[in-house]
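One chain comes next, on its own, written out as structure tokens in the form predicted alone.
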Amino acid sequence: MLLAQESGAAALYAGGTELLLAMKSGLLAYDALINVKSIAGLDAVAADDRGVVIGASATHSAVERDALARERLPLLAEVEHSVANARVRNVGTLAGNLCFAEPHSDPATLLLIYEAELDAQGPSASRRIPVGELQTNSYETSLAPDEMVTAVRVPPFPAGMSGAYSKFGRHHRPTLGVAAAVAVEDGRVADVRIAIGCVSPVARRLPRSEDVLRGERVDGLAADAPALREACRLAAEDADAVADLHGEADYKAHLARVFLERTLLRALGRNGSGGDA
């Protein structure tokens, strides 16, 4: 494998929307770039027994427009449409976005509530990585230097679960991303998944907020309901917001509270509509 032969002096290149900018800015330097776009089938979007398999060189636009993705993962297709701008979506790839580990990433946050996984291939072995275990810090991942991601595996939400995604920002990259999915049975929250990103180096699930909401009656979860308010308070604590060019930590924690409430109410409103968006 060329990546292993180069011993850290090379980088994989697909869309290059992040990589080339970093190299032009002098933040990264490599002796060689290995173009993976010409690998046959690596841009495919296909079904498997658990969901949708998105090849590593499939662009954001390809995912957004793919009939299979739109049918089984409508919320992902919706969010892919809002990534950056048309130029980036037409060239940048979903897998590349995850592997570059930019903290302000919409897909990295959203795919946590899908409980997606990534296929990683090294010179002698392959493995599957839960999306929440890929990014370890800003611009850092758990991939070995000689490994490459070959596909992103995204299972659809379970039957009866609907989701929503919200983002906020005044710059090119989002300041905040919040993803929520809710399943309702017999008028109560049977299951819930919540993730927050862009406010800290790594997007994360929020299990304490999820636990507060499970079992709550849906008709009692209007705006400012006690359980909803508590879930949002815990989200602001657990987001581990950090100050950066997008704002101070307290400001981001406030955004987390406000936008989680809005996102959960949207997800609840969509429940029973027959789709995950």
Partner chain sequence: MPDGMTEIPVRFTLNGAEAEAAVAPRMPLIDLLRGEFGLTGTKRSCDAQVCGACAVLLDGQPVSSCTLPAFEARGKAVLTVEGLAADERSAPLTEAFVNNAAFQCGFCTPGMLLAAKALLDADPAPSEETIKDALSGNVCRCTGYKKIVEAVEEAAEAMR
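Numbering follows the first chain given and starts at 1. Predicted model, so just to flag it, every value in this text is computed and none were measured.
Another form exists, predicted in complex with its partner chain; not displayed. Remarks below refer to it.
- Contact annotation for residue 128: none of its heavy atoms lies within 4.5 Å of its partner chain in the model of the complex.
- Using a 4.5 Å cutoff between non-hydrogen atoms, residue 86 counts as a contact of its partner chain in the model of the complex.
- Under a 4.5 angstroms non-hydrogen atom cutoff, its partner chain in the model of the complex lacks residue 144 among its neighbouring residues.
- Although the partner is absent from this view, residue 46 stays clear of its partner chain in the model of the complex, with no non-hydrogen atom inside 4.5 angstroms.
- Screening 34 to 42, 66 to 74, 214 to 222, 230 to 238 for residues having heavy atoms within 4.5 Å of its partner chain in the model of the complex returns a single hit, 34 to 42.
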